[in-house]
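Alright, two takes on the same chain below, each alone as structure tokens: structure 1 and structure 2.
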Structure 1
Amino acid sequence: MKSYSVSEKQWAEILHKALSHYGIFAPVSKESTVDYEEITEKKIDQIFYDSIKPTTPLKAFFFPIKENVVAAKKQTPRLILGVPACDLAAIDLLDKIFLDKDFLDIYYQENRENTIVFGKDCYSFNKSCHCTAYGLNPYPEKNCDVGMSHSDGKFFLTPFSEKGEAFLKEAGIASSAREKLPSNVEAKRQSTTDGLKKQNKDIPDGKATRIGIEKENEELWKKYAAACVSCGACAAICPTCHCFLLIDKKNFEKIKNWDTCQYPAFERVAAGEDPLKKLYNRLKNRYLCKFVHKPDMFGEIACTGCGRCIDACIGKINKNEIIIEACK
């Protein structure tokens, strides 16, 4: 695919102008973390384009932690910059769930349509990153409006959608000549991909993982569940987890609120029956959901290898260690 190139200074000027029409969210570095923040004119120079991945997954913009689903909303169009490929891949599943014509979530739909997504290249990775284990590459290939590559003081912008092309035209970028990505960008992409594949060579792919976790192996799940505190961080930070509650409030408000199968009583029903009462059953169910139930229902595994669940786990449970052991 061909791209447009702009200097860092030109891109900053484009963002300054865009602030009059769009809300802009982008990764900003804070101490030891990088996460999305709403960008003001003063923060444009603080955007961190070369981060591995923001702490917050992209899903939080389309499927917020809490959302009033009966109140009228007026939204400003948004630009979201710096979205890694692992989060972009998660959109395949989320769209199938929330945009199903028979069960359409109009709030998710509105959030999607109101947003221009800029995917980004990853030129480095940490120990928990394992997108290549599931056939993904660490750079934008789908589900974004514009792909961004950054090298030698320039941005290379690749439109993936009509919405992305329209923004670039509006910004005056699309009037310049299209060109192939430079060889140094391609080389950095390949280097990251090769490094990830080497790091994750022992992690089973989705099909092998399914076979492993479907085995009757109660002792395995008890072993790892011994460190679990049912905090739900793994689901909250996951780009594909999508369970929620609808909570009735006074004045006829109805709030959609994230939920997770790792919470006690998640599946408790009338008379107190709870098929996931035991913690090790809840832990196994999380993996069955990702590698068995979701592929059966939607044709997608519900893991993109972002590694956030490993990073966030209070009990230091390593998802990849579980899968490798389950597949032996």
Structure 2
Amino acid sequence: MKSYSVSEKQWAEILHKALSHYGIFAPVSKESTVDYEEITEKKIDQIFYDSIKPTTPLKAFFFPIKENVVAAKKQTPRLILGVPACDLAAIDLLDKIFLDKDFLDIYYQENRENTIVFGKDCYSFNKSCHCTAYGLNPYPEKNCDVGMSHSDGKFFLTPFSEKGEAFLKEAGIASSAREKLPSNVEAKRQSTTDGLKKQNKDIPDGKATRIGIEKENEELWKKYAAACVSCGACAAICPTCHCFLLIDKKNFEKIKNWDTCQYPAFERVAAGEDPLKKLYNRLKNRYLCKFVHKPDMFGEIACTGCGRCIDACIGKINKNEIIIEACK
């Protein structure tokens, strides 16, 4: 893939100009976390391009925590910078669900179309990162408009879509010649990939995971569920979890609100029956959904190895420990 190169200074100027047309969101570093913030003039210099994954998954921009899906909406076009490959990969599944041609979700569609996504190379990772376990690489390969690499005071911008190319053209970048990514970027990518592979050598792939968790093993789920408090954090920060509840407001308005099978009564019917009444069944359901049912329905697992569920769990339940034990 060939890229356009710009200096950090040039890129900052482009963002200054872009602020008049776009809302800009990018990772900003706090003491112990990195997360997306809305970028103002003053914050352009604070954007943390070499961050690990932001705490919030990309899905929150397209499928917000709460969204009125009956009322009219007006949205400023957005740029989202610093999106890791694990979040980009999740777009495949979200698009299949929300852009399903039988029932197209025009709110999700609008959120997608109004957004220019800048994928980024990961040059560092934390203990929970494991995208390589599922065949992904820690740099943009799909589902973004522009891929961004950063090295030696320069950004290397690779257009992935017409929308991305058009933005770069408008910004005056796309007039220069495209070049191959420099060898130092390739070396940094390789080093991150090698590090992730080494860290995650014991994690079974999607197919092996399926076999492991389909086994009858009630004791395993009970053991791990003992530390679960059904808080739903694992689903909230998951880039692929898509479940929601429609909450009714006056005038037949509806709020599409994140929901999860980890909450009690998620599947309960009016007569009272509830297949997921027991907490350990809810925990198991999360894994069956991701590694058995989603592959059967959509042809892909619903885990991109971002590891946020491991970071977020207040019961310190480690998804990969469960899977490794289930596959023994």
Partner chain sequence: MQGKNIYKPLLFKLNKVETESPLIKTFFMTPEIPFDFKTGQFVEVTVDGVGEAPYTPSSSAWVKDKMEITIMKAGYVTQKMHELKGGKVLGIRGPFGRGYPLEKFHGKDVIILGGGVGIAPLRCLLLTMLQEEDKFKKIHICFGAKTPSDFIYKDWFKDLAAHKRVELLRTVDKADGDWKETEGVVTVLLDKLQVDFKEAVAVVCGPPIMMKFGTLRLLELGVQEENVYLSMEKNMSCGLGKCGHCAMGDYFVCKDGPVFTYNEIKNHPNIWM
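Numbering for residues begins at 1 and runs along the sequence of structure 1. All figures in this text were calculated on a predicted structure; none of them were measured in a lab. The term rigid core refers to the most C-alpha atoms you can superpose between the two forms while keeping them within 1.5 Å.
Assignment of forms: the chain in structure 1 is the form predicted alone, the chain in structure 2 is not. Lys198: CA moves less than 2 Å between structure 1 and structure 2 after rigid-core fitting. Taking the rigid core as fixed, one finds a CA shift for Lys250 of 2 Å or more between structure 1 and structure 2.
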